[in-house]
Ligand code: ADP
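We begin with a single chain expressed as structure tokens, specifically the form predicted on its own.
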């Protein structure tokens, strides 16, 4: 077996090591040599020194702050012995020495030697050079520029490999976005077909959409399909502590791209450097550095084709509303491709892709799973499949069953089961009636999905029980009656507590919040108020993919209008509350029957639940229309 040679230490590192070694040797020599080879002077107590002075035995003395050296009188013309002592605070010492005829003086300042000169003038520069070489090699990461490589682009160049290759076949549920990007790939592979007809491919394509919908995965698929150089970098990697480093990295990135054109540059999280410059407030520091980076990006994107060779920029963001308008104009990012959450058919295709990576049982119905997961993005569905596989492995099964997927959906939607959270009999009874109230109202009112499960097993951080409603189809529009039905369903739990116990608890806090939000949207956003008319009283906030709406999005309205809005919202919620109470009173026997069953078994679902809910008596149309 061949043995690899040990990698050689870089020359600059060798020089730095030698300089550090020399500096250490000189320093130790200056400290230790005088102590080994200098004269060894005996040290005596201060009291003995005073006695010798008073006896007239001392010839001369040198008085210092830390040491007193003195010489005794000799005999037969021979110099006396030199001794030393440690001084103490003695103001009478000069008079005592003068009285006894002792010649004394202060200790002369130390004379400079070649060691001190060497340490003072040569060693510090050598140490500085050594430290500079050390950090240059460390930050250079093997690059010839060393510390100056901070201005170099950190983009990763995609290397095509069959083991890690991602293609459009691995992306599902976003067919429109795939079509746009397939056109980009076709242009890179066969540009002449487009050039002959006079068409120009967009130089910038911006992928926008909620988190987890597959924007980065689409970019990887473009890299796998195009077969050209692919530079991938995050927007935050342009921003650096040093002013001007971000702009320099943008220049270096596009310089590399031009050399390898045709190629693709992918910038993830573009909003990190592309935020609008309007209203910046003139802040100094990071904001100014970000604007310099953005200005350089705008300059580089404004036409950088090299002959017929082309550089195409792909970028992804969850926050297109904050991007600078100059970045979105034609000639830079010509297209915005929406990568939205998939519909039912898209979810089914995504599940098929990820389900092929696990062992499935014979009872798996992927279409039923896709139907039960409205609003799930691609990342959510991938996590769902993985959770189901983990559950099957935890239960020591060889294949994933439909029950594992059902439990995984509940885990994602409601959280983990908290069987260790023991409720008292009173609390358990209240939770049971509360959840059955939701289920009965949801089964009778329009707008709610099919009630699939009632459970009084605590889940997640705060849910003491839950009622699972699943839609039978994807919905894109809802009418006023359906929204009012949803509000009534949300208030069904609180209404059941009032009907059965004559009191209310804190368990409906989240229900009240969601019901009030829906009622306010009806009035201020959807214009579903006969009192206020078809007007929008909130500020439109488009493309809020992260859901970070403002605390109070209302427009500037008069006090009278604000009061009218509040009154109308209150009327909608109170009307829904009355409908829920009336419906539960009408179905009081069924409420008691289901609540007692769920107290015994804790969970009711499937055909048993549907048979019970089919017995619900709905309100007559006159009663249901009150307040609508």
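Positions refer to the first chain, counted from 1. Since this is a predicted model, take the numbers as computed values, not measurements.
This protein has a second form, the form predicted together with this ligand, left out of what is shown; the following refers to that one.
Novice: If the cut-off is 4.5 angstroms on heavy atoms, which of these, 498, 170, 186, 334, is the one near this ligand in the model of the complex?
Specialist: When this ligand is considered in the model of the complex, the option within 4.5 Å is 170.
Novice: Though this ligand is not shown, can you say which of 94, 211, 374, 80 has a heavy atom within 4.5 Å of it in the model of the complex?
Specialist: So the residue touching this ligand in the model of the complex, by this definition, is 211.
Novice: Sort through 321-329, 510-518, 171-179, 94-102 and report the only stretch with a non-hydrogen atom within 4.5 Å of this ligand in the model of the complex.
Specialist: Among the candidates, contact is made by 171-179.
Novice: Looking at the partner-bound form in the model of the complex, is residue 297 within 4.5 Å of this ligand by any heavy atom?
Specialist: Answer no; every heavy atom of residue 297 is more than 4.5 Å from this ligand in the model of the complex.
Novice: According to a 4.5 angstroms non-hydrogen atom cut-off, is residue 388 in contact with this ligand in the model of the complex?
Specialist: Output for residue 388 is no: heavy atoms all beyond 4.5 Å of this ligand.
Novice: Do residue 378 and this ligand share at least one heavy atom pair within 4.5 Å in the model of the complex?
Specialist: It does: once this ligand is placed as it appears in the model of the complex, residue 378 has a heavy atom within 4.5 Å of it.
Novice: Are any of the heavy atoms in residue 230 no more than 4.5 Å from a heavy atom of this ligand in the model of the complex?
Specialist: No, residue 230 is distant from the partner.
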